[in-house]
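Just one chain is shown here, as structure tokens, and it is the form predicted alone.
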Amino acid sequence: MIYLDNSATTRQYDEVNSAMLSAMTDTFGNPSSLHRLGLASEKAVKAARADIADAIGVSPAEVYFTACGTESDNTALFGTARAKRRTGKRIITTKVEHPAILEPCKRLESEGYEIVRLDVDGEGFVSADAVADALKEDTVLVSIMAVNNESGCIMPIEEIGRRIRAYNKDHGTGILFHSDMVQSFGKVRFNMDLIDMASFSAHKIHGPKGIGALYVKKGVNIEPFLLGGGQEQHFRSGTENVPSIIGFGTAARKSSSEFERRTKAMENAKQRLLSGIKDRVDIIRVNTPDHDSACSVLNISFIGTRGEVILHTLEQSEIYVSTGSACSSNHSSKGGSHVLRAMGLKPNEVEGAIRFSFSEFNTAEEMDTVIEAVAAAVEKFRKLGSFR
């Protein structure tokens, strides 16, 4: 099996599996309980929070556990909107965000909020100038993803953060800046001091599904999304998912300590595959920019094919790829990927797009196998479709 759908989810580290099993069999107490088992669970959660905070580059007190990246995104948007509803109702985002941002924005728009959806250029980037030009005194939030999950482009997050900070200083405003960092975690590092909130997910870094985190900078106050027993400093109620939290912490610690090795392995696999496809397959469009793009994503349109057919053809050889975001079927059903359409791709370019996404486990030998399989699949489809 050759797995190249790591932007959808990753295989858990063996160390994560072991840590979670131990948590389920030994450290199974409720962290809110006052007895010894509860205190042991509380200590384990505290250690995992510290590991995640260290990997992100923030204080443990600024990390709040959620059920997933989607909940983190929703909490940032709805929590900010509710906390600042008397200040303004203008929210700025882009047209290429994950559905976990786009759908809450639709809901807020139906409730009377003004949603500004910024364009991106042909490579998928939003410009810091465009963000700065869109800022107004009634703006309460800017939410822009760090790494696009389909194109792989790295947004100018730090420059955008500087522009927002300068605007706040000049106008006496308190605009907050949130970034969906689910795809950047473990692949790209940012100066978190320029960001007020950020969303993360464990299963993108070889941790478990069903656990995420939201970074909220000290001093930033937004309303809780879930109310109840007051867990997570009264910010996110609900009994903590201790095994998954421990698994998340283990994955974060491992991915952070081996950051250089991991990212180099991914970049090598990406470049090997890109070079080979360029050599073997003609009439393609590379949708991932050759600069400022994450090591983990390569998106290519094979003109004159249907990406879904190529995907299933490769699957027969146990090669697993994607046609885009695993969480955006509702967006992709109308004209294909909303990300690629926002980049200005033609319908046939959108239709023929394949996303390859890498992990540290992918090898050069695997990429050579994929190159041959892709070339054969594309040639076969083009012949059947009388492609010219």
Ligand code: PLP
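Start at 1 and count along the sequence shown; that's the residue number. Source: prediction; values computed, not measured.
A second form of this protein, the form predicted in complex with the ligand, is not displayed here; the remarks below concern that form.
Shown alone here, Asn287 lies farther than 4.5 Å from the ligand in the model of the complex, counting heavy atoms only. Among residues of the shown chain, Lys204 is one whose heavy atoms approach the ligand to within 4.5 Å in the model of the complex. With a 4.5 Å cutoff on heavy atoms, Gly352 does not count as touching the ligand in the model of the complex; it lies far away. Residue contact check for Asp196: none of its heavy atoms lie within 4.5 Å of the ligand in the model of the complex. A heavy atom within 4.5 Å of the ligand in the model of the complex is found for one listed residue only; from Met155, Ala76, Val182, Ile164, this is Val182. Checking Val45, Ala342, Cys68, Ala53 against the ligand in the model of the complex, a heavy atom within 4.5 Å turns up for just one residue: Cys68. None of 143-151, 307-315, 270-278, 291-299 except one has non-hydrogen atoms within 4.5 angstroms of the ligand in the model of the complex; the exception is 143-151.
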